[in-house]
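Only one chain is included here, represented as structure tokens and corresponding to the form predicted alone.
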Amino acid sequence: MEQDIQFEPTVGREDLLIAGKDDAFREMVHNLLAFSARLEQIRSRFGAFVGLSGVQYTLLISIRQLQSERGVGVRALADHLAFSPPFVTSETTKLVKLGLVTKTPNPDDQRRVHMRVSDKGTALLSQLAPVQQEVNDLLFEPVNAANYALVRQLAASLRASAEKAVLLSDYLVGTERSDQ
């Protein structure tokens, strides 16, 4: 006869437990991890379609999304994607060398630059758009007009809470290690 083994829950908030168990919570986390892994794979495929890495594709399309008349700065782009500014600088320099992005000095601070997608970069993203549309329509098939605002709000809220959770986990892991 198989025994029902009880484990300590991995979450303490009552609203995330069902009958005191975290099984549904763990299932949700694993579904989110699997979704995240698939997003990474799709991003890499989008990049490969236009001859870029997944990260370079993400930077290029994000620059297009964020650029204004003057362009977008490294810090704003890094914050948008949760990347470090040095990493963004390194990767966007590669995009400049490929002729996909232009960098111009920030007139308010010559140490900083404004980036914009070049005509060549815009043409590359336009070439990818039909593929993106088809894949994204399938990827987000469960999202509809009735739940779209909620999904967007949850995604933004989860991102914000994830930032705080990373800091807490760094602190707690650092505390644990220093006690040993």
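These numbers come from a predicted model, not from an experiment. One-based numbering along the sequence shown. Note that the rigid core is defined as the largest set of C-alphas that superpose within 1.5 Å between two forms.
Missing here is the form predicted together with the DNA; even so, the following discussion is about that form.
- The contact residue chosen from Arg64, Arg38, Arg70, Arg112 relative to the DNA in the predicted complex is Arg112, the criterion being a non-hydrogen atom within 4.5 angstroms.
- The three marked residues, Asn136, Tyr148 and Ala155, fail to reach the DNA in the predicted complex, with no heavy atom of any inside 4.5 Å.
- The stretch in contact with the DNA in the predicted complex, judged by heavy atoms within 4.5 Å, is 52-60, chosen from 140-148, 124-132, 52-60, 24-32.
- Within 4.5 Å of any heavy atom of the DNA in the predicted complex lies no heavy atom of Leu98.
- Using a 4.5 angstroms limit between non-hydrogen atoms, Lys103 touches the DNA in the predicted complex.
- Along 74-102, a non-hydrogen atom within 4.5 Å of the DNA in the predicted complex is carried by Val74, Arg75, Ala82, Phe83, Ser84, Pro85, Pro86, Phe87, Thr89, in order along the sequence.
- With the core held fixed, Thr93 shows a CA shift below 2 Å between the shown form and the other one.
- Relative to the superposed rigid core, Ser84 undergoes a CA displacement of at least 2 Å between the shown form and the other one.
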